[in-house]
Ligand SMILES: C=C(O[C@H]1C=CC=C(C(=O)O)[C@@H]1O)C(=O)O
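A single chain comes next, written as structure tokens; it is the form predicted on its own.
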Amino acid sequence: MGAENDSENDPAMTILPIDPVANATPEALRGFLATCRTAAQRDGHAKLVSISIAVDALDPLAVLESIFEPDEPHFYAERVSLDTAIAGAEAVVATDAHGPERFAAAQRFIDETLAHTIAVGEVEAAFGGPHFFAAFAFENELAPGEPFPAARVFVPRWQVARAGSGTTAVANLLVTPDAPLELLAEKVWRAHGKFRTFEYAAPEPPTQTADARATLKVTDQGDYPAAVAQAIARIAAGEFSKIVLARTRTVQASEPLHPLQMLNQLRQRFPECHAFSIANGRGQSFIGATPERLARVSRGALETEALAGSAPRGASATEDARLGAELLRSDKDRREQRLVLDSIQRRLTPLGFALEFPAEPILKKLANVQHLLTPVRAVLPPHVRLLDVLAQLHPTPAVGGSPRAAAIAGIRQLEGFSRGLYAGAIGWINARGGGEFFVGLRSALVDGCTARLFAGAGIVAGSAPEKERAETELKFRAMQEALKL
């Protein structure tokens, strides 16, 4: 995650030179909101009003946990090793989309919203101004009844973010032509007063007791080695060169699982990963700690990466180095990782990108596994935006396969379950067009007493069913240990 992200390719919102701290009185706030209501009346269109202030250092996850409500949507993303985190809850404006044009539909929603946004305060601060939180499922279409739609984008009612030692709190509200000013002013005044001197709620007892853990029921779905064997046969027949097959594991507890408490365990265990949580407002949350960045736009530059190939970590420095060296020499893993890099080049070059990347992959070492990684960087071409990049990249061969269409069709046939947000694109975009998206891996869907875990492996010529099963077991074990399941 990056703290400051901007681009000149997005339409500007209206920024008023008003200091909400220097003018921190109820009367000044009502006067400002009256101005916004007049603008809404003049234009015949509601205004998204965003007020940003710098506050004392806060832990965004602790703030979210303190005011957590299962029936409200939320978004959380953190990179512990970079000391950055952002949280938001409730939805002021939102949209859902599906189909091949879902990324374009999301961009139109963002453009329309920003065209009617009025912002004041620390808008230029790291994580200042309104942010659009987004979750795109693995596939363009999902069956009815899924926990999350194929695409959802929302602006939260409140957000709080930390970048190093700085913390920015943002209140967002919708001012309609007939908005009740007194009620709105009271809500904003109360919210910003709370964030200026935030007091964390007293911690509740752990949701999951020792007795609950003793009664955990673990269930795996399907015959994974058999699915891998079928995939290998179809690769040999020339149907595709790579396919990523996932499996699920359901863990049932005797007491409700708290997604944010589980997320806290993940972020502590995997500080080099993107820890995340997305709640749908109906009691279900998708949480995880993913090692894979999909795309980041910051200061007019794009960053992405080709991540694939896996090996376990060693018990000693010598064993760890040996396993890493073997991964770097592995023909099977090098081919798998090169497919991802070639796909990035093939899909972004037509947009005008001149990609820069090292000739050889490096090792990305996580707590439980190491991968082959090639970082990719490029200047953002004029009129290309972050969602344009996502529409081209997602899903990469690291989570789908190659060729893309054939691999996705094979995934539907061989996996036997809906991925939902697993291996989807999750992230945020700010009002300046900057933002970051990562891939929803090392993840779980939490629903009451149930956690559904996901793990996958890339299948290419030379793959072995039992070895691929062992790789997914390694990923499951790390998640279960981190989540204490």
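Remember, predicted model here, so these are calculated numbers, not experimental data. Heads up: residue numbers just count along the shown sequence, starting at 1.
Note that the form predicted together with this ligand isn't included here; everything after this is about it.
Residue contact with this ligand in the predicted complex: G427 places no heavy atom within 4.5 Å of it. Contact check for A398: a non-hydrogen atom falls within 4.5 Å of this ligand in the predicted complex. Residue contact with this ligand in the predicted complex: L33 places no heavy atom within 4.5 Å of it.
This ligand is not shown here, and in the predicted complex it never comes within 4.5 Å of any heavy atom of F438. Among A451, L421, V460, A455, the residue placing a heavy atom within 4.5 Å of this ligand in the predicted complex is A455.
Residue-level contacts in the predicted complex: of L307, A106, A171, A161, one residue has a heavy atom within 4.5 Å of this ligand, and it is L307. Between 70 to 78, 252 to 260, 130 to 138, 308 to 316, the stretch whose residues reach within 4.5 angstroms of this ligand in the predicted complex through a non-hydrogen atom is 308 to 316.
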